[in-house]
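Given next, in structure tokens, is a single chain: the form predicted on its own.
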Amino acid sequence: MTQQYQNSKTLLEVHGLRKVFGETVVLRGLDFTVAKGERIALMGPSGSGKSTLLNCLGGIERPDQGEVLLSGNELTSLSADELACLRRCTIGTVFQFFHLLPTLTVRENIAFPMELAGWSQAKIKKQLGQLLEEVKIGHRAGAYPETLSGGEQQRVAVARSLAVGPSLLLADEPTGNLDRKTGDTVLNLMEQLSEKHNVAMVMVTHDERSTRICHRILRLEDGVLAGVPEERNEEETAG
């Protein structure tokens, strides 16, 4: 028996998405939707267009044709300032290599998106305390990234990605630089926080085991979605 994701409210819509670099067609007219709080794994061989698709969803790349709508906002119709504001306030990103700012402490790295969003110091302090507790990194709040283990750095990165309360989390191989045990810990954390905060997630991964936290798998091959999106069964998603 498959597990149907119950929230029918659509957060992200992709219609006829096409992206070309030079003479190479990378994305060939993709169509799919993501519901609020839904977690999707994006899989496919190297060069299939996964990272390009993730960049289009996040507004980093502009498609040559088609639409990406996030909460009803069509990304390609926004000005540069409007797009930057939308990305800053509604999209969180987690990378394979953490991308923490080396000159900032754990506390400062997590607070940085909130400062960019213009939050008050009182609001930042409250949110920071909650996030440090949720990712279990409060004891290293004053440490710099170079002193942290890979797993600790990724937990900081996850907290930072959720700092301003985004509706969509984009994750590019979030466990690709971690050993299996540490990777499982990070995946479990991402699943728990996605559930708690009702954050949708699109996660690029090469590891089939990582898909256990997702409701569906999209397989991208040569710029097209291959077959029908797979739904995870109850046992796998409980994982």
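Keep in mind it's a predicted model, so treat the numbers as computed, not measured. Sequential numbering from 1, following the sequence displayed.
As for the form predicted together with a small molecule, it is not shown, yet the points below apply to it.
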Is G49 close enough to touch the small molecule in the model of the complex, meaning at least one heavy atom pair within 4.5 Å?
-> yes
So in the model of the complex, does A200 come within 4.5 Å of the small molecule, heavy atom to heavy atom?
-> no
Would I40 show up as a contact with the small molecule in the model of the complex if we use heavy atoms at 4.5 Å?
-> no
Using a 4.5 Å heavy atom cut-off, state whether V26 contacts the small molecule in the model of the complex.
-> yes
Going by heavy atoms within 4.5 Å, which of 177-185, 191-199, 209-217, 50-58 lines up against the small molecule in the model of the complex?
-> 50-58
